[in-house]
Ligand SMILES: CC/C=C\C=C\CC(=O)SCCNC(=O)CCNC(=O)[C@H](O)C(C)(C)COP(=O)(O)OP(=O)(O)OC[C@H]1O[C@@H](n2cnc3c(N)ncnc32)[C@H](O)[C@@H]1OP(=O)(O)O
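Coming up is one lone chain in structure tokens, specifically the form predicted on its own.
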């Protein structure tokens, strides 16, 4: 994408930076409210990752949060005056109220799913509390690293509802332990970083936020140095294969690669390997 048509990343509650090597850093920036997810936060997050998908400059993304914690979850004060907390209008029947409530939930789901569908790998850096919707967000990411003070809670049962933005769909596939998932989803118990590492929710635990962020940025830089065609193809095919049978995944991969194999990146990568040099690839 040409520089003069590159998407803008000017958001109110997100800090977004893009390094010269193509690593975007998104920081949820609502520390005074413990990064609770108001409608503005999730709408901006969805818009941001939607733009990443079509921005060829972006090769990998690091997602973190400012302040004391990753997120306290849903902004309950805002939710109390919205569809979840507002008193029903007796003049409007249940069917009509339910129709629009469903649309609101789907809009919220789509905003968080934009992390998964943007095709650029996303590395979540978790410190402090990661509650409720925080689990929805990080389970939509590709890689999760945590500081030692991080802890995780699937909080929704404590506010009288089932998680509905992606945790119940993605978390079982992230950790591959159905018993553990049901344990934490039914009880809303606190899961420390060491346990999260043990079950595979995170891939690394670092001493503090600064080291976790540095590790994530180093991994992102390594990914950004690879062929962008190869990287986005790999993420796309992993996501597809996760949700389909092995045979379906193989057939789709064969079809996908009939296009992807036509990049100049493959020849450049092979030649660089033979010459024991680092290959340099143009943006997507």
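Residue numbers count along the first chain shown, from 1. Keep in mind that this is a model prediction, so the values were computed, not measured.
Same protein, other form: the form predicted together with the named molecule, not shown, and the subject of what follows.
Identify whether the named molecule in the predicted complex is within 4.5 Å of every residue in the set 72, 133 and 159, based on non-hydrogen atoms.
Per the other structure, all of 72, 133 and 159 touch the named molecule.
Should residue 68 be counted as a contact of the named molecule in the predicted complex, where contact means heavy atoms within 4.5 Å?
Heavy-atom contact with the named molecule at 4.5 Å: present for residue 68.
Heavy atoms within 4.5 Å of the named molecule in the predicted complex: does residue 32 have any?
Flag for residue 32 set to yes.
Using a 4.5 angstroms cut-off on non-hydrogen atoms, would residue 36 count as touching the named molecule in the predicted complex?
Because a heavy atom of residue 36 falls inside 4.5 Å of the named molecule in the predicted complex, the answer is yes.
How about residue 80 - does it come within 4.5 Å of the named molecule in the predicted complex, if we only consider non-hydrogen atoms?
Outside the cut-off, so no.
Just give me the single entry in 165, 111, 147, 122 that has a non-hydrogen atom within 4.5 angstroms of the named molecule in the predicted complex.
For this set of options, the contacting one is 165.
I need to confirm a contact call. Of 94, 210, 76, 103, which residue comes within 4.5 Å of the named molecule in the predicted complex, counting heavy atoms only?
If I apply the 4.5 Å criterion carefully, the residue I get is 76.
One stretch from 125-133, 195-203, 168-176, 139-147 that, in the predicted complex, holds residues within 4.5 Å of the named molecule by heavy atom
Correct option: 125-133.
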